[in-house]
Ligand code: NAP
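Next up: a single chain in structure tokens, the form predicted on its own.
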């Protein structure tokens, strides 16, 4: 019986998820499966989910702006969803009930593990205080051993709330700072993470407020933005010889985990990566 999966959000045209999952289906000979991009505007999530269920959707990924709101439509959530307060993967049961997962947490941690990067004693600068930042904090708490973390954000209240969340998650010495101080703070940190939308095609801002001189050769620079692949922050990191982790690596990690949740088999990561790089290069 044919099974259809989807990614929902708005905008959605830029999503690379259909390319990755379709490549995985081809590689494994899963000819009964298909994956589509389905635009659901802000404020229309309930109607959009109802429409997907009517066509018998088997599961769907969730992206901006629905990751938090979708939580209200779920019958069950995994522990990570509850910790982050957002879901990005939904499994549809036979009775139409929805179970949510947050694979962004595993997606963020995956490239660090694969490169054997230890965060023991690391001083972290996290840019942003939205949904992506929540997933990063949950991942850092799981990885453990960081020395301290500073959350820099344009809105002070959001930064303070995120710092409180980091402290509750078990991250020591969490503090908030204005985004305008990010460049100065980066000088004293050896891990710099961008969890803002700066650099996205739809964003008016393309330049991270950190100068190349604030990045050192021994630093780890991580951008969660995956399109374009070489963001302003990644280019600055490469210029300084830092270890750079691109957003597509996190995207691949979260997509592979979502594939395994839905299908119960190991994801063909190499096939998914080739599809991802072929489209996003």
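Residue numbers count along the first chain shown, from 1. Since we're looking at a predicted model, the values are computed, not measured.
Below: the form predicted in complex with the named molecule, not depicted.
This chain is displayed without the named molecule, yet in the model of the complex the stretch 217 to 225 from 217 to 225, 234 to 242, 45 to 53, 31 to 39 comes within 4.5 Å of it by heavy atoms. Taking 146, 77, 150, 153 one by one, only a single residue has any non-hydrogen atom within 4.5 Å of the named molecule in the model of the complex, and it is 153. Think of it this way: in the model of the complex, the named molecule has a heavy atom of just one of 176, 81, 198, 186 within 4.5 Å, and the residue is 198. Put simply, residue 59 is far from the named molecule in the model of the complex: not one heavy atom of it is within 4.5 Å. With a 4.5 Å cutoff on heavy atoms, residue 131 counts as touching the named molecule in the model of the complex. A residue is said to contact a partner when one of its heavy atoms sits within 4.5 Å of a partner heavy atom; residue 164 fails this definition for the named molecule in the model of the complex, lying far away. A residue is said to contact a partner when one of its heavy atoms sits within 4.5 Å of a partner heavy atom; residue 205 meets this definition for the named molecule in the model of the complex.
The candidate site formed by 67, 158 and 254 is fully in contact with the named molecule in the model of the complex, as each residue has a non-hydrogen atom within 4.5 angstroms of it. Along 92 to 118, one residue reaches a heavy atom to within 4.5 Å of the named molecule in the model of the complex: 104.
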